[in-house]
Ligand code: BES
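A single chain comes next, written as structure tokens; it is the form predicted on its own.
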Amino acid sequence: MSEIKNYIASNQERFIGELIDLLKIPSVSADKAYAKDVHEAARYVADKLQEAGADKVEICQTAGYPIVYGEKLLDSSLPTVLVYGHYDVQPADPIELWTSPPFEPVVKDGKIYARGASDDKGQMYMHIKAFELMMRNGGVPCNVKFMIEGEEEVGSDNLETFVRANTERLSCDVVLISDTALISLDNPSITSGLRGLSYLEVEVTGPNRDLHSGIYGGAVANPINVLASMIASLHDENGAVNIPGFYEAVEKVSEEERALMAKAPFSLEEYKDHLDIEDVQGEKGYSTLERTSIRPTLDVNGIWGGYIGEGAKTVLPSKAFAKISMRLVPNQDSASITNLFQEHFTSIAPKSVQVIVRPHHGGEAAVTPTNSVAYKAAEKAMETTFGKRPIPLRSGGSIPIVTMFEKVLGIKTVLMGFGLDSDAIHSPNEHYAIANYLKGIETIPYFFKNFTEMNS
């Protein structure tokens, strides 16, 4: 399929330019101030999908942000691939830590720096360009459907409603997603599992108003101090989560699988150097790769309260807040874990404060089979373009809709991502290597070819 490389070479600058245009749109779904921009991103994706050759392209309204749908149906006897991605992005804060404005993309050292470059605009847009490539060079070999949403970064609240209302329209043989990472371009991998998620916010209230810290300090509970103490108690001396029942349902990974994971290329020294840290930290008895994939975690994602402006204000605050996420592993139910957290956190609060726990969103862990036709089609595709067989690896991230697709559509997912863990997703200076972007466009057509042939 030499036409693949030729087409990419001839259109490379346009492919990059179109992605940059998409990255300029600040489609931050978490902040209502960007609502118009989220809708603009949906229109951009729909336009490009139609230009690429998709039929029945539609911006489908939901109770939240719209879902872009398009299809190319050839023959009911052929297999059908449903491509999923998202056009919304994380907030760019803290802005001051970016070396260039997050929505003014910059190409530097072969990478595009912008919010959403890797998660997930760059990886999602690969599929539209790969589809265009196939349509301009003989057409797609099987039926293709696209479903690109705008609420992934806020929990995909309206996606399941849409999927349940459109099960026939979305019927397929596999869901194909690129929203995960490779080990490296030299060591390709396919994600074979994802962690689940429970995300919530806690509020600690002490006195009915902010107080003078000299007059009241030492006599009235300081909610920030109390919250810090409560959070510190959530891990024991071995780095394990200190919530009763938290590990009760945790999947026990076999020693054989742990041994296979240990064979994955990984340098702890390079890992520490990349992050500018002297040492790693985590649950005792597990390696860094295991801590970030097969073990559950609890982390504080944000904490605030009191006076944080310039200069000094000697205040004893009335309230303190924190956002907390728990990454979950197979067999842990996100709703059950959320309830366990609520019960425990409120139980450890001293009488001097009041505590409110507000659940936000969550989802279940997923394990994708490595012996399926779809996985083998992806494996063969990557072996063709990378020159070596990809390693199956579990990821520490969460894509809750994977289990939803299986539950509602009865379909498994293939997670064929082309990002890197070093892409700084959700962080300042997010970036996506142009080489990875183009490698994805090159590889995806081989997946379609292989999947069609293996199902014939």
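On a predicted model such as this, the values are computed, not experimentally measured, just so you know. In case it trips you up, residue 1 is the first one in the sequence shown, and so on.
We do not show the form predicted together with the named molecule, though everything after this point is about it.
Asker: Using a 4.5 Å heavy atom cut-off, which of 425-433, 54-62, 33-41, 402-410 contacts the named molecule in the predicted bound form?
Answerer: Single hit among the candidates: 425-433.
Asker: Work out which of 197, 200, 140, 172 lies within 4.5 Å of the named molecule in the predicted bound form, going by heavy atoms.
Answerer: Partner contact (heavy atom, 4.5 Å) among the options: 197.
Asker: Select from the listed residues 397, 26, 70, 390 the one whose heavy atoms reach within 4.5 Å of the named molecule in the predicted bound form.
Answerer: The residue in contact is 397.
Asker: Even though the partner isn't displayed, in the predicted bound form is residue 258 close enough to the named molecule, meaning a heavy atom within 4.5 Å?
Answerer: It does not: once the named molecule is placed as it appears in the predicted bound form, residue 258 has no heavy atom within 4.5 Å of it.
Asker: In the predicted bound form, is there a heavy atom of the named molecule that lies within 4.5 Å of any heavy atom of residue 158, even though the partner is absent here?
Answerer: Output for residue 158 is no: heavy atoms all beyond 4.5 Å of the named molecule.
Asker: Would residue 133 sit within 4.5 Å of the named molecule in the predicted bound form, counting heavy atoms only?
Answerer: Output for residue 133 is no: heavy atoms all beyond 4.5 Å of the named molecule.
Asker: Would residue 324 count as a contact of the named molecule in the predicted bound form, using a 4.5 angstroms cut-off between non-hydrogen atoms?
Answerer: Outside the cut-off, so no.
Asker: For the named molecule, considered in the predicted bound form: do all three of 129, 383 and 442 come within 4.5 Å of it, counting heavy atoms only?
Answerer: So, no: the whole triplet misses the named molecule.
Asker: Determine the residues of 160-180 with a heavy atom within 4.5 Å of the named molecule in the predicted bound form and present them in sequence order; the list may be empty.
Answerer: Read in sequence order, the residues that approach the named molecule (within 4.5 Å, in the predicted bound form) are 179, 180.
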